[in-house]
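We begin with a single chain expressed as structure tokens, specifically the form predicted on its own.
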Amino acid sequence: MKTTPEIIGYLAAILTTASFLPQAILTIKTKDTKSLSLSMYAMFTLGVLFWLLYGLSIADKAIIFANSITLILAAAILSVKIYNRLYNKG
């Protein structure tokens, strides 16, 4: 049985990761990144990568779960933003 801190960790992981889904879906669908900050997404994606590495180093499943999915979503948004910037689309 999971302990209360583990349950809280998983709930936090689910909510923060799910909060990225609408932005990722919209960005991938429309390719519109004009209103998104390149520096913010670059720093955020790097921060999520470090959280994932931290989670792996301490073997914390909630941190690994949340940051693996969030890294994929944030990297997808960042990739579209960089592509648009390179090709003067936003």
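Since the model is a prediction, treat every value here as computed from it, not as a measurement. Numbers for residues come from their place in the sequence shown, where the first is 1.
Although not depicted, the form predicted in complex with another copy of the chain is the subject of the following passage.
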Since only the chain is shown here, I'm wondering whether Ala13 would be in contact with another copy of the chain in the predicted bound form (any heavy atom pair within 4.5 Å). yes
Since only the chain is shown here, I'm wondering whether Ser79 would be in contact with another copy of the chain in the predicted bound form (any heavy atom pair within 4.5 Å). no
Taking heavy atoms and a 4.5 Å cut-off, does Ile28 contact another copy of the chain in the predicted bound form? no
Answer for Ala18 alone: is it within 4.5 Å of another copy of the chain in the predicted bound form, judged on heavy atom distances? yes
Just give me the residues of 43 to 70, first to last, that have a heavy atom within 4.5 Å of another copy of the chain in the predicted bound form. Met43, Phe44, Leu46, Gly47, Val48, Phe50, Trp51, Leu53, Tyr54, Ser57, Ile58, Asp60, Ala62, Ile63, Ala66
